[in-house]
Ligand SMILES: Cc1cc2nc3c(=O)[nH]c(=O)nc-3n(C[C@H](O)[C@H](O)[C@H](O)COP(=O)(O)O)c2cc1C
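A single chain comes next, written as structure tokens; it is the form predicted on its own.
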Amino acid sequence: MNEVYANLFEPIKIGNLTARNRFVINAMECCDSDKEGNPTEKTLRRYKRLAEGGAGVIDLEAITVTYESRGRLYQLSVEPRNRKALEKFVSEVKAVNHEPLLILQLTHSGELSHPDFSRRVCVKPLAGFGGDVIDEAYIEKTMDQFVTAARIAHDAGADGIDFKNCHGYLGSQLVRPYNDRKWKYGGSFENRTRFTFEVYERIHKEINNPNFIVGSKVSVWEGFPGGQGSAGPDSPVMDISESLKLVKGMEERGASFIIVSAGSPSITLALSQPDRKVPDDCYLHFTFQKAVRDTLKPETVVIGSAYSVLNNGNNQLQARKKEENTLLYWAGRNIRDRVTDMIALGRQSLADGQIPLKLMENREKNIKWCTACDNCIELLIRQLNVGCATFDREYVEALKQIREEEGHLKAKRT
């Protein structure tokens, strides 16, 4: 095996569990549940392929704790009504390959909930978003929903949960300095983190299973005034000290892993997933990963993201040799240098989620590298089933069809 990335195949302990390698499949919303938020055959097909691919950890996409407020028309749900369907789903995925750790990313969309088919709510109205302003009773109910969702995930056979605190979803909305409302969950850092920390404490009390891992994906810097990692409620200045206090507080309350991210895709998309035309934000992500790694205990696993844009070196990063600008080069180097412990593949997992398997079988030349075209993001924005619209004909044709239909409608109007 190539020594550049040999360390990607070293096992690592996450809590009391062990991931077989350093690859993580990032949570990627693909909008293909049924009308009640249950996995469909298309959902199962995707995750079976990912299980076959041999990653150490698979993070099940943004699964909502309440179908009342959600960002996607066909979003996976983890409510009591979904219990049996999720049990069946987890069992069937693990039957393909029981080795990857399967965790569920629990979320609430808050101000990102789509008003066409769900209730949009907010902590404090944000320009371009807004929604019904929630109160303390609503937050307490939401905490109950997260705890219930964690219990369902545990009982369904999942290995753990990713309590989402990133990308502009409700966890982010509460934590960001912009939430300067005078209420129990706003203003001071202590108040803004109360929801997150109490949910952690309650989940551990409810589950009480040392072999069930809990962690969070966190946006260290959202990249807009008042967002996570800002110096104040209206400041555009980066100050990640609160983000580091946040992840430390999570660790103190039992987090065994932190997935480091940045941005808020509805506002700062190119920061959350670096754009192929200006890919340099990947270096910001590396910086955030190192800051988090230096803050936490050695046994708390740090998972870095924003690697897909690097692909096999066909990117526009400057002042570097092509062979030293690849996903595998930077992944191996960052793990070696203790920048991160694992790497999470997002868009790359849609293009080809079987990288670990292909590398183990010396089939690196067969890898389908993500081009960072972001056609998958266009499918997501259009509320369509999401997949790779470069390599998977089903999604290529779906995107082509919807664009042609729009073209015909525009032609008729003119």
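Given the structure is predicted, the values throughout are model-derived calculations rather than measurements. In this text, residue numbers run from 1 along the sequence as written.
A second form of this protein, the form predicted together with the named molecule, is not displayed here; the remarks below concern that form.
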Name the stretch: of 351 to 359, 32 to 40, 370 to 378, 48 to 56, exactly one has residues whose heavy atoms fall within 4.5 Å of the named molecule in the predicted complex.
-> 370 to 378
Would you please decide whether Gln273 lies within 4.5 angstroms of the named molecule in the predicted complex, comparing each non-hydrogen atom pair?
-> yes
Check whether Ala306 has any heavy atom within 4.5 Å of a heavy atom of the named molecule in the predicted complex, and answer yes or no.
-> yes
Mark Val65 yes when one of its heavy atoms lies within 4.5 Å of a heavy atom of the named molecule in the predicted complex, and no otherwise.
-> no
Mark Ser69 yes when one of its heavy atoms lies within 4.5 Å of a heavy atom of the named molecule in the predicted complex, and no otherwise.
-> no
Could you spot which one of Leu102, Met250, Ala344, Val123 gets a heavy atom to within 4.5 Å of the named molecule in the predicted complex?
-> Ala344
Do heavy atoms from each of Arg83, Ala149 and His154 fall within 4.5 Å of the named molecule in the predicted complex?
-> no
Any residue of 6 to 32 that, in the predicted complex, places a heavy atom within 4.5 Å of the named molecule | Asn26, Ala27, Met28, Glu29
